[in-house]
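Shown here is one chain on its own, the form predicted alone, set out as structure tokens.
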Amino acid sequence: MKKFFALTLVLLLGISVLGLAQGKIAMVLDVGGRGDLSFNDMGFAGADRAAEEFGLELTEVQSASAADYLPNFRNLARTGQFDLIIGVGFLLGDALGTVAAEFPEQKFAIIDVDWIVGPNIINFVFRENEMSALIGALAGMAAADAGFAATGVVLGIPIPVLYHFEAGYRFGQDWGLKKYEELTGNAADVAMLYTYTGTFDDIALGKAASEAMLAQGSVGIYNVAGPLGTGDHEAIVEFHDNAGTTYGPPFYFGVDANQDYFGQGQHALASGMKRVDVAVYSAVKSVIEGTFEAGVTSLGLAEGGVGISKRADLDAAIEFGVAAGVVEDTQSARNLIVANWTSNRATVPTWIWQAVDELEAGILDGSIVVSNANNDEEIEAVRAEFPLD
């Protein structure tokens, strides 16, 4: 048996809501693990909540490389002990699908995968293009208003999930620049700088990519690479430190988790939130309550599965940071983040925020359909339609 790269057991005593003996769930991860303050931590937030609420034992398995995916799932499934085995991330899809076919009585859940289906698999995918459209519109209008030449997007591995982000962002920036011209009477020439780093965990590479974009006049950096966002944010902080500025551009745009609390709230203008926690919790809840139903569930703005961060989301984000150990557990620390966040957001005119709200409303009522891409050919078509770079 191949040894797990890392294995952590969290044992919570109690019984399930059905009065049965304590159940068990397992999560298999790709890279990053706990502490990425983004995609993985959102998955853990949902699993931890479910484990505590339903009295479950949670097993976490971190993969060291792609070669670990299959043995990790097999080692868990062959025990026959787990009520649900969850794969967190697109790259785990093929391995989970293989093992799900080998163990048809074992229930599985997979995040960000809709092409691996089966009678024992529940799939959750997100319409990331919708939230990215809001970030793209905000960044584009902010750049035009403040006289910046470009916006910046640092992405991880070029896979369909990330194409959703890029396609939506391109659509949103194009929409935002047209709205800017409509409202101000001035044409806006703002480029979109982007790069696929090919990694989700090389923080130094993320920082270097961000620094290059900032040097080219980007109004900010949108993190579409999970843990790499730490490096993106470092580049933003150092830029402000060197310039002697506290608020205003360049901005950091968070991803997956609401990362507006980063840097005590000084430089994160908004985050594209992806509620992986809701998906994981829902999957566990369905197993415990006996309502598990295989199939694909798509979560977008309408379902509350994605969104752009607002004041109503900030307190929960701060508590997320406290739980992760990156925000001091004091009221003064919380108050400082709120004050900084408010001052930073105030550097963007109210009419821009209202325009973003207009775009959001249009997506929700169906009058605006955001571009999307699921493969290389489709993302090239979107790039051709919105040639911002």
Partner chain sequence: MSPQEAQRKSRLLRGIHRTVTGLHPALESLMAAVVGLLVGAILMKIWGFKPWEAYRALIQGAYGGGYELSNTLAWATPLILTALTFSMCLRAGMFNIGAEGQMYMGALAAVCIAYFVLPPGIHHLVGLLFAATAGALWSLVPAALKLLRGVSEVISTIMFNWIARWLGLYLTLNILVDPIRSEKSVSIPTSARLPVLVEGTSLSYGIFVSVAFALVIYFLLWHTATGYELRAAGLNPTAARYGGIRNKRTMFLSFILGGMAAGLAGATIMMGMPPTYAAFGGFPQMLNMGFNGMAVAMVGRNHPIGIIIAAIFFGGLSSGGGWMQILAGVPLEMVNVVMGAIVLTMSIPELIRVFPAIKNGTYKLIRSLRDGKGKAVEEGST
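Positions refer to the first chain, counted from 1. Everything quoted here is computed from the prediction, not taken from an experiment.
The form predicted together with the partner chain is left out here; the points below concern that form.
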In the predicted complex, the one of Ala361, Val326, Ala67, Ala346 near the partner chain [non-hydrogen atom within 4.5 angstroms]: Ala67
Residue (of Phe124, Tyr180, Phe90, Tyr194) lying close to the partner chain in the predicted complex, criterion heavy atoms within 4.5 Å: Phe90
Stretch in contact in the predicted complex with the partner chain, which is absent here, among 317-325, 58-66, 43-51, 353-361 (heavy atoms within 4.5 Å): 58-66
Within 4.5 Å of the partner chain in the predicted complex, all of Thr98, Trp115 and Gly198 (non-hydrogen atom): yes
4.5 Å heavy atom contact, Tyr163 and the partner chain in the predicted complex: yes
Contact flag, His240 vs the partner chain in the predicted complex, heavy atom cut 4.5 Å: no
is_contact(Leu76, the partner chain) in the predicted complex, heavy atom dist at most 4.5 Å: yes
4.5 angstroms heavy atom contact with the partner chain in the predicted complex for Gln22: no
Those residues of 368-382 which, in the predicted complex, come within 4.5 Å of the partner chain by heavy atom: Asn374, Asn375, Asp376
